[in-house]
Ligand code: ARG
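Heads up, the chain below is alone and in the form predicted on its own; it's given as structure tokens.
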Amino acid sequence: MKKMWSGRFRQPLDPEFEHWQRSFSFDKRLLKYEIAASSAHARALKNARILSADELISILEGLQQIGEKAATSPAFLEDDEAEDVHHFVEKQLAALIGDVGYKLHSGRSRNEQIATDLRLFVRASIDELREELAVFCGVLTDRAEQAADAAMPAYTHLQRAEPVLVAHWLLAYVEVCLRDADRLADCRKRLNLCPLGSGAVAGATLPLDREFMSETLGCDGPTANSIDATSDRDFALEFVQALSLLALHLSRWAEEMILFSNQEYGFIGLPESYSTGSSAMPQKKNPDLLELVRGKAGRVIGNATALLITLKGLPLAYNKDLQETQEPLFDSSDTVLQLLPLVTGWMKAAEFRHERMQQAAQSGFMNAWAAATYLVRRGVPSRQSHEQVGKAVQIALEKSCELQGLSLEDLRSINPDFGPDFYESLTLASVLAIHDVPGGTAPTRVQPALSAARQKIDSLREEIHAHA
């Protein structure tokens, strides 16, 4: 079959090069977006009086048939001749409706077609990813509510720091993922412009209604500059960078779950449905899902780097190098879309060992700052109270006890301001309650934080459904 550009050439392509330079093996996944964009272009051609009403109907029906065949028969997309998805559609359309099919390419270029298809793909991927993030955040919030008033240690430098509510810990991940959803929405706003009508580089050669085509595809408007429109892949890079940060966040989540599920912590029981065993050691239950989540982050970050390197030296406008941006883009989207339902399932199935967490939250001098605060509220300067409680910790270490195990005599040898009510300030309930500020772990603050998280998740879902 003739190439879409064959008129200028007299010699056939080298067979190995001809096969190597094709992109249909991976850009065929853009078929539904190619059909949507081609349908909008066909209607614009009719409005510009390039197509008759009958020709438009024939083309639209042919495009619909191509989409239906692809949906029902995977073998239909096994085409050794098609150079790319654009070539495939033109070939199939001409086979269905004859030479009228070749009219569809009037006034357009593959440069604007691929720019449009990729924007539509990324837009759809963002909507799907944000939906999955909303589900994951919902499950995190469910588990936070189920934890009720259970406490656990919070860590800094991987050392026990202060006790927090389990709900407060889980809501931290909700905030992280909601930022990821917002970041994707921000990317969506910038990419939702339509390149159709940009031609190869200078703009269409026919009086096509770009506003009409843009509106037909649900875009916010046409791109402003044809040179930029045909060469811009910022949207792809921005999308994959946003996915890199999302994957990084999932990796941090996975690492913490790996730590908390090992025997040294014992805070979480690994769900068997997301774990595997050892071929050598019968007792093992390994956190394979979590480790793969951690590993996949490197893959997505690597894709972002590949896009940066591909784009960094390209002059305006379209260059064939841009074909190399597609596979990292597709792979990143696929990777994260596969991850999110799995981490959601893991989060639903994991066993939180609240009793073990609660015990750990009451040892290791995690009430030391509360002890210093006790003195601060009695007029002791903060730096002095810090030093005095540090001395109390040293005495407790020598006596192999916690702060509450020290006698009042021991404490008053450091500062006579210590009173009998000091011990009440060291209880877990008191230590949690003292963090009574917006964003703190006091139960009176975590309850409204749970409600706020629900509202944010509901708002996210409403945004997603508004685009549906």
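Quick note: we count residues from 1 along the sequence shown, nothing fancier. Just so it is clear, the structure is predicted and the values come from calculations on it, not from any experiment.
Just so you know, the form predicted together with ligand ARG exists too; it's not on screen, but the next bit is about it.
Screening 254 to 262, 84 to 92, 281 to 289, 205 to 213 for residues having heavy atoms within 4.5 Å of ligand ARG in the predicted complex returns a single hit, 84 to 92.
Among heavy atoms of Ser385, none comes within 4.5 Å of ligand ARG in the predicted complex.
At the 4.5 Å threshold, heavy atoms of Lys103 stay clear of ligand ARG in the predicted complex, well away from it.
Ligand ARG is not shown here, and in the predicted complex it never comes within 4.5 Å of any heavy atom of His354.
Using a 4.5 angstroms threshold between heavy atoms, Ala371 stays clear of ligand ARG in the predicted complex. Checking Ser231, Ser125, Gln362, Gln326 for any heavy atom within 4.5 Å of ligand ARG in the predicted complex turns up a single hit: Gln326. Note on contacts: among Arg110, Arg143, Arg183, Lys296, the single residue with a heavy atom within 4.5 Å of ligand ARG in the predicted complex is Arg110. Each of Ser23, Asp27 and Tyr318 places at least one heavy atom within 4.5 Å of ligand ARG in the predicted complex.
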